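Below, in structure tokens: the form predicted on its own, a single chain.
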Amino acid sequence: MKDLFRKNILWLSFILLAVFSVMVACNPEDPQPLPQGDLMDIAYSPQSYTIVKPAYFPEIPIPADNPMTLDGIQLGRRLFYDPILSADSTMSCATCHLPAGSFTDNKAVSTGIDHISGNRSAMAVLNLAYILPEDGLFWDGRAKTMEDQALGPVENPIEMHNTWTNVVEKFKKHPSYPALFRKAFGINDRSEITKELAAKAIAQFERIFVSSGKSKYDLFKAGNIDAFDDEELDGKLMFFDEGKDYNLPDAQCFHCHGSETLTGGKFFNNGLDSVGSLDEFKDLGRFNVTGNPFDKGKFRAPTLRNIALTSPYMHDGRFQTLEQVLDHYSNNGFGVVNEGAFLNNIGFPNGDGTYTGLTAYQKKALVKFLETLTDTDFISNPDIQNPF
């Protein structure tokens, strides 16, 4: 009897252990291993994509490790507009970069998910593909590539206030994103989804944000001289310092806003603040990246294409209108030691080392020229609109 009792106890213990093991294994709160190769039944057939650009624009540099594909761009387009990137799913890249504002939000500074305001204005996402790695992106150039830039806002505590670990887990469990990552990058299963692949997709999408070449300025460059009226032409001549034969002064604009994209991509102290020393700048700008004391108070010169759509202006959004911007420049700066070399030479020379600045007419003509840079074809391009 004792032996039989012991056997029954052993069998009962074995059964209870087995049941407990099954219950533990089936606990829905425990993470389950993802199936291997679960996406391989989805076709991976990448089709290369050539970015459409104006004929006279230079070739767009494409990184060797992130070639442009149709599926990569479409994945990036969804990620750009999807609030899934933010901690509370209320904010997407497009929240601060809307098509109507040439991919700005038309605010002095942007506000994140916790209703905390930043200290810089959202930059236009236009022709960024031409920015060189040695210059970098953002107002201070802290991100070397568009892929690097795409990683930043998600974990910025003032912006999306999330973690990439959390975002990637949401991608893996999403009903659509695993298949889209498979089509874009050829991954075999959802465990291969990474923040780096997400950033590559967003960067691919943003690289197609290129001017259409159909603004009034582009028509003039193409040979349609009747595209400009007299004031617009005078503004152009002053912008590019081509007006000497017409008794027009040098407005010194193109030195900082050069190239076909009217960006330049370099960093300047453009005379916004009068400070006793470089340490007094409220925002140290480029210095935070380079550590060079002479870079304190310097910021990127943004593109002037679509500038009429991107108000307010400057890195902190302090000016509401282009007229206010030109009033500022016409004053020839404050004489701070690291101000841009041409900032103090706007207008005609007075003969004593100072310059006249610009007259009311000259400023009006420059504003009219800047308005010829408006590219409505770009902002209405269906390929860059919200896919949802």
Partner chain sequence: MKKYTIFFALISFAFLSSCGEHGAEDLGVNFDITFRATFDGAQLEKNKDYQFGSVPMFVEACRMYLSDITLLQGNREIVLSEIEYLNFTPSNAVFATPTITFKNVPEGEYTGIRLGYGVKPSLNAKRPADFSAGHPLSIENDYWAGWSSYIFTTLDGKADSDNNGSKDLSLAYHCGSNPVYKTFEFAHTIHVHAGEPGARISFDMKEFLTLADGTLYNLLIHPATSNSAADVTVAQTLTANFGRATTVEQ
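Positions refer to the first chain, counted from 1. Because the structure is a prediction, the values reported are computed rather than measured.
There is another form of the same protein, the form predicted together with the partner chain; it is not shown, and what comes next is about it.
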Quiz item: From the list 325, 336, 39, 346, which entry has a heavy atom within 4.5 Å of the partner chain in the predicted bound form?
Solution: 336
Quiz item: If you check 135, 105, 316, 273 against the partner chain in the predicted bound form, which one has a heavy atom within 4.5 Å?
Solution: 135
Self-check item: Candidate site 101, 207 and 227: all three near the partner chain in the predicted bound form by heavy atom within 4.5 Å
Solution: no
Quiz item: Does the partner chain come within 4.5 Å of any heavy atom of residue 67 in the predicted bound form?
Solution: no
Practice problem: Would you check, heavy atoms only and a 4.5 Å threshold, whether residue 246 touches the partner chain in the predicted bound form? | Solution: no
Quiz item: Given that the partner is absent here, does residue 56 sit within 4.5 Å of the partner chain in the predicted bound form, heavy atoms only?
Solution: yes
Quiz prompt | 4.5 Å heavy atom contact, residue 80 and the partner chain in the predicted bound form | solution = no
Exercise. Would you mind picking out the stretch of 264-272, 91-99, 172-180, 72-80 that comes within 4.5 angstroms of the partner chain in the predicted bound form, counting non-hydrogen atoms?
Key: 264-272
Quiz item: Heavy atom within 4.5 Å of the partner chain in the predicted bound form: which residues of 282-303 qualify?
Solution: 286, 290, 292, 294, 295, 298
